[in-house]
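The chain below stands alone and is given as structure tokens, in the form predicted on its own.
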Amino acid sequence: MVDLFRGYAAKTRGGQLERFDYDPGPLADDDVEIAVQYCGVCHSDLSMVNNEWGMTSYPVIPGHEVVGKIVAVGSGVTTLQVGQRVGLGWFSSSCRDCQPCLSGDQNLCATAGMTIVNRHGGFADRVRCQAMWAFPLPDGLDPSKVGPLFCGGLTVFNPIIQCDVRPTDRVGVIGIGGLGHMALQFLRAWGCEVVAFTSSDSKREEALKLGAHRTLNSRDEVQLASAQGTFNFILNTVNVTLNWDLYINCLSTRGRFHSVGAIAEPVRLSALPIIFGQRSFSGTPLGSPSTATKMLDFCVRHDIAPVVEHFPLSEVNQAMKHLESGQARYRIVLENDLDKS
């Protein structure tokens, strides 16, 4: 008799998540099977349920911030063992043969497999991935909290590495939410002077507790104008249109504005402030396995963890509504209770 994987799937665009069991087929030689203990809820899960990016195949089981224990390994896997606790994020495979993969940039692989695109994710009791993308959890990390590190956390940690952010830099973070609250912690521990741009005065004290040295109101153009030329690096974590030229003018010479927020509208920039200040505008997707490992070690060293709220997996629809309403502080983690249902 085939062992079915049990999860919660959306069967139609924007539909409620319903119990859904499926046959995963044979375990590939280079894959591992993970028994899910916890899974973060990311806005990308909501986007996939709603097919906002036009690449959802229904039914779809969301969930790509997985923490669990390995229960099976493929015949070609030598780096992981049954019983290890691991994490899994947005990417679940890469070709390992292209130039990005050979250069250590597996997250830039053109054929990289995504955990919830054309496959089922971690809102389930089991999930599979290529062994390379299952990251062993170091001692000292709370498995009930760290799931969001494997997507949101890696998304904001990767630019620190890729953009050569230095401890002497003054850095601004736009948006103190699911991504931004982790960016503040990382950058403060990195040694930077950290300024939080937030549109909500209610988040000011929270931003300071999370690592910001001070805050600026992102809706106050007078405050932003007073900060012209002062930032070496500005990290944007929101996906809405901003006053781009005003933020570019906040950069120092050779400064960089970097967005990890997936802005849907075209970004319109004036060329002259970029040219004469030798400034730049850039973006990155998540991070490589090597960067993920560095992030985890950094979190242990500096006692960094996402701020999370917990829901049982059986209440996944309530958790998704809580996320969609904007009330989550700051990430949501589901605990697998399928064996109890």
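Keep in mind it's a predicted model, so treat the numbers as computed, not measured. Just count from 1 along the sequence shown to find any residue number.
In what follows, reference is made to the form predicted together with a further copy of the same chain, a form of this protein that is not presented.
Listed stretches are 65-73, 27-35, 307-315, 276-284; the contact stretch with a further copy of the same chain in the model of the complex is 276-284, by a heavy atom cutoff of 4.5 Å.
Among the residues 137, 108, 227, 77, the one placing a heavy atom within 4.5 Å of a further copy of the same chain in the model of the complex is 108. A single residue from the set 117, 269, 132, 141 has any heavy atom within 4.5 angstroms of a further copy of the same chain in the model of the complex; that residue is 269. In the model of the complex, at least one heavy atom of residue 100 sits within 4.5 Å of a further copy of the same chain. In the model of the complex, a further copy of the same chain lies within 4.5 Å of some heavy atom of residue 253.
Taking the partner from the other structure, a further copy of the same chain in the model of the complex has no heavy atom within 4.5 Å of any heavy atom of residue 200.
Heavy atoms of residue 260 reach within 4.5 Å of a further copy of the same chain in the model of the complex, making it an interface residue. Applying a 4.5 Å heavy atom cutoff to a further copy of the same chain in the model of the complex picks out 162 as the lone residue from 143-172.
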